[in-house]
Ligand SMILES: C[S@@+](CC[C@H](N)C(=O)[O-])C[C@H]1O[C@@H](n2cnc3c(N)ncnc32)[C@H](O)[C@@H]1O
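Quick setup: one chain, the form predicted alone, written in structure tokens, and binding and motion questions come after.
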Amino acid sequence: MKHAKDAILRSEQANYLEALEPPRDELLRALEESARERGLPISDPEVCSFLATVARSTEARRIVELGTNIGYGAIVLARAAGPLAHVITVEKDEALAAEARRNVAAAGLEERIEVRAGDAVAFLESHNEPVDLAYVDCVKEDYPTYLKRLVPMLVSGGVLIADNVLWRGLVAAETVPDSERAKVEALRTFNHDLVNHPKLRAVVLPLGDGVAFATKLGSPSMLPPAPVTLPPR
């Protein structure tokens, strides 16, 4: 069960996609229910299915998540990426970080998921290891900063995924409540900079609350020459 109603798709479309999701195991269902009861913003199940698909298909080994919450996304990523992957996930709220560690332990993933309590921007300023996959689900006002910091860390072919980039549809709205304006302006900047970034190939998907997906381009000198097709004589 999703922790919140879908704000992008029509209800019948959202319900259809929710019904397509395979059953989650007992731990993930318990985390979903806990998040729903407490109003905690974990990723929607279909977004986590997308995360799992990308993590598995790219064989990501060095994964960074900004915004741990109770550990739902980190568990999904670590399970999908496999035993050789290592996930570093950052959560500013120390109580949530402690809860996430307990959930990670319940999943048997303590050796593969490292939960760090702290500010995401501060973490990015100090982290100097390459990243295969980055997942952003953190402070919306800081999304443009996350992008600037993460792109240099991504390896060639590395992937960046960001959740909530349509922010309940408000990013595309003409009228935005004052209480949401700072988030919306930051997300508009992030989306524009992402899809126009010279080192990325990116798209924004109407999945969940809007998901941005980008892959880092390789150096032109490292790419094979494009095939040449001669016109028939």
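A residue's number is simply how far along the shown sequence it sits, counting from 1. Being a predicted model, the structure only gives us computed values, none of them experimental.
Keep in mind that the form predicted in complex with the ligand is missing from the display, and what follows is about it.
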key: 4.5 Å heavy atom contact, residue 93 and the ligand in the predicted bound form   = yes
inquiry  = Taking the ligand as it sits in the predicted bound form, is residue 42 near enough to touch it, meaning that at least one heavy atom pair lies within 4.5 angstroms?
reply    = yes
key: Contact label in the predicted bound form: residue 119 to the ligand, heavy atom within 4.5 Å   = yes
request  = Tell me, yes or no, whether residue 208 is in contact with the ligand in the predicted bound form, where a contact means a heavy atom of each within 4.5 Å.
outcome  = no
task = Sort through 71 to 79, 152 to 160, 107 to 115, 126 to 134 and report the only stretch with a non-hydrogen atom within 4.5 Å of the ligand in the predicted bound form.
result = 71 to 79
query = 88, 85, 138, 147: which sits within 4.5 Å of the ligand in the predicted bound form by any heavy atom?
reply = 138
